[in-house]
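Given next, in structure tokens, is a single chain: the form predicted on its own.
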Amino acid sequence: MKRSESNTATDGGSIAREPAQSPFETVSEIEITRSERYRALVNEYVITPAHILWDDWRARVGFLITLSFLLIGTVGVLLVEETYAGHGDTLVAPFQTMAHPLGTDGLGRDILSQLVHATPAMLEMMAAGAIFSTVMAVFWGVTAGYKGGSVDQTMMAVTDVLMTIPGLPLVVVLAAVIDPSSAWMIGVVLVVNAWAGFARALRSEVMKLRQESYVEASRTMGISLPAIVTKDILPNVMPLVVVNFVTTARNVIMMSVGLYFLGLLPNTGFNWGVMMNAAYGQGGVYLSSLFHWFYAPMVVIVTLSLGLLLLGQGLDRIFNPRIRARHMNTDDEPTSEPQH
């Protein structure tokens, strides 16, 4: 078509040209009301995660076990009386009396009461260690991976130094120097350099993500760095972050119980490791009359660790963008999710 024809209408008049519109100025013709927006947020952050959680038996079991320990640590301590030396007869066998359903130890202290009142401190240690380790690893890994260059080299040099320091001796030295009395402080000391390994792994993932087309488009559009990190980077690494959070919490349980058992952490109250240490000292490993004293805290530790492991697998599915999108698309026509 000639240029003169393209600018002339059939009646001989000229065609009015519309000003060219940038693709970034295009406005959607669909309007969403405020109630629809709220409904979409509830669907994305409440209903969809609940569907994913309930569709997986591992997530259900892990969630119920973890919730049970949270209730024991908050409500249970109010319902179960704190025990003391001479509370009952010594070494009462379990299931012999309702006053001491799990029996008593060598000092006449109720086993069930010790298990319940040791739970809050353990939950505090788990929360402190997992939060500290995850926040440090995410900040360090995402910053180094996204910035690159000299910032990356400097930050990774620090992580390499931390990773070369043996964790257990460092914790023992810090516990001797600081002498922590707070459960929150003990939780941080236990993972003081444990975040370095995950920070390096996270940095590798971020280096790949920053080359993706949608991240490049965000940078071209002039979107701020915090917005790119929170909306384009973090959602894609959340499964890794969640799994690391739960894994760190499990490691805090094992490390704290082990160090308390060995007597390397200050005794600040009831603790499952201290119970096992006291029972072991009286021959609880091989004397059947002491089995309830030694193995009751071990069963509790294994149960909590298993619950966190199963919950971590469920949270991995909740924060997986592909699985979330699949469940959001099937809200009207629910389909069964394949079990792995």
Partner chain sequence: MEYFVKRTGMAVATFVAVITLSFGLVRLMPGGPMDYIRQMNEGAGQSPDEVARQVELYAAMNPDEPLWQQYLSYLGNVLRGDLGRSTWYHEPVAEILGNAMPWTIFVSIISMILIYLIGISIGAFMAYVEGTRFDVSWSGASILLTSIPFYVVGLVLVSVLGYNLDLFPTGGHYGSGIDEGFNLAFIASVIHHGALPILSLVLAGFGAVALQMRGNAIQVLGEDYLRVARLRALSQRRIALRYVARNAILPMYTSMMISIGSLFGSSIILEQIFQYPGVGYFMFRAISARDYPLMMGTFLFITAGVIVGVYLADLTYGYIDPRAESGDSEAF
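In this text, all values refer to a predicted model and were calculated from it rather than measured experimentally. Residue numbers count along the first chain shown, from 1. Rigid core: the largest C-alpha set superposing within 1.5 Å between the two forms.
Just so you know, the form predicted in complex with its partner chain exists too; it's not on screen, but the next bit is about it.
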item: Option touching its partner chain, based on a heavy atom within 4.5 Å in the model of the complex, out of Val274, Ala296, Leu290, Leu310; value: Leu310
item: Its partner chain: the contacting residue among Ile186, Ala249, Ala137, Val257 in the model of the complex [heavy atom, 4.5 Å]; value: Val257
item: Heavy atom of Tyr286 within 4.5 Å of its partner chain in the model of the complex; value: yes
item: Glu216, heavy atom within 4.5 angstroms of its partner chain in the model of the complex; value: no
item: Distance check, Thr220 to its partner chain in the model of the complex, heavy atom within 4.5 Å; value: no
item: Its partner chain contact at Val161 in the model of the complex, heavy atom, 4.5 Å; value: yes
item: Answer range among 71-79, 202-210, 241-249, 125-133 for contact with its partner chain, defined in the model of the complex as heavy atoms within 4.5 Å; value: 202-210
item: 4.5 Å heavy atom contact with its partner chain in the model of the complex for all of Asn43, Lys147 and Ile233; value: no
item: In the model of the complex, residues of 137-170 near its partner chain [heavy atom within 4.5 Å]; value: Asp152, Ala157, Asp160, Val161, Met163, Thr164, Ile165, Pro166, Leu168, Pro169, Leu170
item: C-alpha of Glu212 moved at least 2 Å between the shown form and the other one on rigid core; value: yes
item: Core-aligned C-alpha movement of Ala99 between the shown form and the other one reaching 2 Å; value: no
item: After fitting the core, Leu71 CA displacement of 2 Å or more between the shown form and the other one; value: no
